[in-house]
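Same chain, two versions here, written out as structure tokens and called structure 1 and structure 2.
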Structure 1
Amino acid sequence: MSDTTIRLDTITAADIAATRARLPAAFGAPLRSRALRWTVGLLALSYLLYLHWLFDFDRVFTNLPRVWVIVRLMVDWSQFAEWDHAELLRSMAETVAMAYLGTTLAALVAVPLGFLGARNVIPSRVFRFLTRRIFDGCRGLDQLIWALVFVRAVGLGPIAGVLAIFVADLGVLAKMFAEAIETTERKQLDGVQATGASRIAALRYAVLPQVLPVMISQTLYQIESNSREATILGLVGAGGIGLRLSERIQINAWDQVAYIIVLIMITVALIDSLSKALRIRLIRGA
């Protein structure tokens, strides 16, 4: 093997000049790229200034006194004892149950669909392509759109919210489950199959234990997220605390609106803490 080490003290001015002539872009300032960056930056700045010019600041400052009136009404809880707390708490529990039920059903259905969409389980590209497009179709629409569809189909109430969460989360969880299955170790699958086990038994005892903690962690995170999303679904008639919030806003009961917002924040914080604790214990293998 020849020694290819180059000593810096042997490089002459002629060598540098020859290299500069052969590779002019490696020397000096990249004028074209710098000019392109400046042009893009100026265009972006001009567009932002144009948007600010279109924004109606007069309308904001004109309606600002109304905002302060609403804020004052929201902090006035002098009639707190007269509010229907049982109805609000029941609606809050309905929202949590809606998020839990919809996400749990979606996770149960997403497990077999995740196997059908995994490359290392289904070798057929056409079948996997069609399966993945089903996932995209479910998660391509927001839960709010699905809620509007199911409210029209099954009527007002939490059933529409459960179905909306189920369909939207089915696409999300199935896609994540399929990607998790594709990252599993092949050796365990080959070892189980070497014992004479069937293909389904091999997937059950070799692949599923590897991805089960990931599946549970992702499902817990979705329950945590849907506990917030389910509140919005109630605004379109899907039941829960969101429906009560919409009713109070329509009758300008801003004190109860503030109470419902605080109730939602406390509930979401508790669910977040519980979900985080469960996910940490799951990751640590406790």
Structure 2
Amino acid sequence: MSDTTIRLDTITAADIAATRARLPAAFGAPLRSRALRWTVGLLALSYLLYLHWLFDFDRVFTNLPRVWVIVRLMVDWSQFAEWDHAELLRSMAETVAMAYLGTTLAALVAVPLGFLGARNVIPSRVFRFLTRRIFDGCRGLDQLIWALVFVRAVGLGPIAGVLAIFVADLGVLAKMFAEAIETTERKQLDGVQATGASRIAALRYAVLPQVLPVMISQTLYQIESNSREATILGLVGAGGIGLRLSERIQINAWDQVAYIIVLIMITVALIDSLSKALRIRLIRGA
């Protein structure tokens, strides 16, 4: 069959029928899968229509002119000299300070917690389950929710922001530290213990040196990501640049809003590159 020349004028209906019987897929998908495809497509389409109706999506297009109004106001920086630069820069620094303080404190507390949550340190399954669930609880609620709660508990200001970052990060870092501790080499621990060292000394000299670079690098990464997150904590009153941003949005000072966003982007980019450089140095040194 393969070495014969196929002549189109000699193909008969019987040939076609035979080929169709042999290779049904070459003649298009079978009816069943085609029907299935259509049903799924129609269901997806009607679901999207439902969402369109649920959120009144038409307004995206009818309100677009209002977006242009904001954008036009945002790019007009003719009042630049009159903005309160000192206040804005101070708030930006406050945001970075909040991120640094909250993350570092969380890291310091997370080290012992990480040891408590690691399987090779505390073998008790019940205990580990409980500590892990506590970490999950801290992590599961967003930083912004914690901020809102702490603003209510300790009042407006950066302290609420620091506490929110601290609690949310405690969950993240303790979990990561516990996992890092669980993946350490067992042999070094055995070696130190063979010299008759106490349990604490064994952890100090066998486990800590293995995980410390990992811990520091993870903390640096968290500082980096928290300085990004901390910029919005002020929107709920927890201090920092977000507070200034929220004031400017409320009085429709769109030019300054754009300026603050640019400030945030520059600061975040600076911290990113600084922390990346430090982390690379750390990995090389270790």
Partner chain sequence: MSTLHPTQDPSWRLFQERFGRLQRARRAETLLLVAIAALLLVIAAAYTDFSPAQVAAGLPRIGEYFGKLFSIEPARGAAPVPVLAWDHLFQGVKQPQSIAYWFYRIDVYLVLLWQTVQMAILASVMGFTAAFVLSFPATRTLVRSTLAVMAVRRLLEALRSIPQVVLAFILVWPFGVGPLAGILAIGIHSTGALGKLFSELNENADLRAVEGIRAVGGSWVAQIRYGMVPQVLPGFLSYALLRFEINVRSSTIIGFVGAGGIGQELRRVIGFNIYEEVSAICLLILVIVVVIDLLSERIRHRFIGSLGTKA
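Take the two forms, find the largest set of C-alpha atoms that superpose within 1.5 Å, and that set is the rigid core. Just so we're clear, the structure is a prediction, and the values are computed from it rather than from any experiment. Start at 1 and count along the sequence of structure 1; that gives the residue numbers used here.
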Quiz item: Among the two displayed forms of the chain, which is the form predicted together with the partner chain?
Solution: 2
Quiz item: If we fit on the core, is the Cα of T39 displaced 2 Å or more between structure 1 and structure 2?
Solution: yes
Quiz item: M265: with the rigid core matched between structure 1 and structure 2, does its Cα shift 2 Å or more?
Solution: no
Exercise. Please say whether, between structure 1 and structure 2, the C-alpha of A17 moves by 2 Å or more once the core is aligned.
Key: yes
Quiz item: Cα shift of Y50 between structure 1 and structure 2 after core superposition, in Å?
Solution: 4.7
